[in-house]
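In the block that follows, a single chain appears as structure tokens, in the form predicted on its own.
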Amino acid sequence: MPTPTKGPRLGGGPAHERLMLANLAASLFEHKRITTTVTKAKRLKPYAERLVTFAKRGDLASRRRVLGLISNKGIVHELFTDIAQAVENRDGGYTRITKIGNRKGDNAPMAVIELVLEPVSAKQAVVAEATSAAKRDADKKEAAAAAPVAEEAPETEAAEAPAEEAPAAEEAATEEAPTAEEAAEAPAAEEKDAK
């Protein structure tokens, strides 16, 4: 159960509040919608949604846990079979609260709380499909960006190959032309030969 709100409880004490919420949840699961005060509906919403989450799990431990709160086995069976199958594709928001105005006798604000058993809307399915399509496109762009890098590698090797040939050509040119030292030594050697 979620953290209780501060202030007065729905009943006289905590045990009474737990029993009231369990009875409200049982009525909600039995009739699929109930009319109650706004305060009770707001307190019932997280309680009922947690029970639906247990029903979606569907294991024996979850069933026993729900049976500890709702004593009617028929309602628990309906929760675990019918309601859990109806909301299996929904990730939350199993209940809906609609305010309907004030009660005639004591002017208390009233609301209808109901189970949302409709399948997930087509709009949500379209949004999910668009999200997956965008992810696929992003993956393709990343793959395309990685592919030219691999293709550029042979081009850079080809560009480097002439650069490697260029130093070889420079070495050949330097071997043919005498260096400055060789040029200075050549006249001195000629003079020695002439003497």
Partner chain sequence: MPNPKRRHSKARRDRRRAHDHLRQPVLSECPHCHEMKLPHQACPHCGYYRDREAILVEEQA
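All values derive from a computational prediction rather than experimental measurement. Residue numbers count along the first chain shown, from 1.
Below: the form predicted together with its partner chain, not depicted.
Looking at residue 98, you'd find a heavy atom of it within 4.5 angstroms of its partner chain in the predicted complex. Its partner chain is not drawn, but in the predicted complex it has a heavy atom within 4.5 Å of residue 114.
Its partner chain is not shown here, and in the predicted complex it never comes within 4.5 Å of any heavy atom of residue 64. Its partner chain in the predicted complex is approached by residue 33, whose closest heavy atom lies within 4.5 angstroms of it.
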